[in-house]
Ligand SMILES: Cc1cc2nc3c(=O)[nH]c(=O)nc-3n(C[C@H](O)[C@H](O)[C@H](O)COP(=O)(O)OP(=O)(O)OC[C@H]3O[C@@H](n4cnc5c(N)ncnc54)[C@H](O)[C@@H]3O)c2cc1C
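The chain below stands alone, shown as structure tokens; this is the form predicted on its own.
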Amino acid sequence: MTGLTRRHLLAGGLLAASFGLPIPALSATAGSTPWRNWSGGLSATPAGRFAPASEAELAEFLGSTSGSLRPVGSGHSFTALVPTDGHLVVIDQLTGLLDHDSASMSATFGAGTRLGDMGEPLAQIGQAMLNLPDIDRQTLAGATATSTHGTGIGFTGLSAMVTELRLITPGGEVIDVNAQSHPDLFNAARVSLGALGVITRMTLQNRDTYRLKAKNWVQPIEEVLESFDEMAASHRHFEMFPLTHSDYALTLSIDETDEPINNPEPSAEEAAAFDQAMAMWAQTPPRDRRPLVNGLAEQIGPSEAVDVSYRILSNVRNNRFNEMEYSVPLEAGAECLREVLRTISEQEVDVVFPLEYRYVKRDDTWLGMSSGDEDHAAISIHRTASEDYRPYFDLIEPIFWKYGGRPHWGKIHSLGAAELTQLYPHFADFQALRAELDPQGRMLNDHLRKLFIG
């Protein structure tokens, strides 16, 4: 099976995980049309949906109405950030490149713009984003609000790349926010969970366009962990995907290059062969799986791909899933990962999805996963959407707590205000600012009340 790659593993068959279809176009008169998130695990029947065509229309709506409401983007979050019996505010029409500055290498986008729709217009003005997450179907507002990040010890999450934003408060006030004009609000609003109002535009710090070369290979997990710090420091991006019930991980490094673009799609024959092998994997009881998975992993050959930055940094997937991700202090990352893998093996958890392990640079946002004085290691676990994720996630989540883990706001976790206050030095500051901007609690739903009120 030589020539199989990480792309086959992530894009094919049983381990696939895709963006799915975008949310259909919505209108202000859609009434009680049901809503559900991308994975299908969350649903709601809101009182109505409002899709403003302009910021002025949105400000008028917020200032002249009462009652609960929640902003919604692509619905890619797995936590219950959106469900409400009030109104959904859909910012699908507040999109596109609005302005740019070639001298500072910055660009302003409508907050409803999908990350995957930003690469081309940025390239046309000679700019590119500094980094991107693995999946690019999220809206800019949704990705930053949940502390979404990419890979690389030299890179913060997307939120810390924001230099200015426009916030329309629950009362309809329009505030342009940056580090100089409103420093506290700026640090709160960049990762806000949609709890402070509706963000309508964001300005990002970018750079000139560039190409990246991705290299994929398989290596024993312990070997990768032993050299992870060195590899993370010597490559622009470095991460691994440990295979469950296995001694091996898929490993990925990405670096800048001037080489010509060479990024072919996997062949259908190779993908079919891999799907067949994966079917055998899934049908084998977990206690007997290690020799089979190791044998399969050893047949996966190395590969390379070169393309423009945004086509290398994000990946296309094919099936839906649910995910839990926690970040732990960097020095605790390897031991936390080892305990997670050991628990999956000892408890014979029937899961074939690989884990994901990567580093993220610290930032100064109040609620960022890596905010504060420490860089963090992010560890993700997944379960296909057709399976009940709760037994698996309930088993693993306490391990993240043991190592001081912070949850990704858009991915499944069970923490509330009492626990979160201990994890974020500025959590009480955020709570106070939220209450000031939204004294009536219009932006809250049951999930956010648990997070910010308890």
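Residue numbers here begin at 1 and follow the sequence given. Just so we're clear, the structure is a prediction, and the values are computed from it rather than from any experiment.
The same protein also exists as the form predicted in complex with the named molecule; that form is not shown, yet it is the one meant from here on.
From the list 422 to 430, 46 to 54, 389 to 397, 64 to 72, the contact stretch for the named molecule in the predicted complex under a 4.5 Å heavy atom rule is 64 to 72.
In the predicted complex, the named molecule lies within 4.5 Å of some heavy atom of His408.
The closest non-hydrogen atom of Gly142 lies within 4.5 Å of the named molecule in the predicted complex. By the criterion of a heavy atom within 4.5 Å, Asp134 is counted among the residues contacting the named molecule in the predicted complex. In the predicted complex, at least one heavy atom of Arg358 sits within 4.5 Å of the named molecule. Distance criterion of 4.5 Å from any heavy atom to the named molecule in the predicted complex singles out Ile91 from the list Val177, Ala188, Val162, Ile91. Shown without its partner, this chain lists Leu81, Met240, Ala107, Ile379 as candidates; in the predicted complex, only Leu81 has a non-hydrogen atom within 4.5 angstroms of the named molecule. Along 166 to 181, a non-hydrogen atom within 4.5 Å of the named molecule in the predicted complex is carried by no residue at all.
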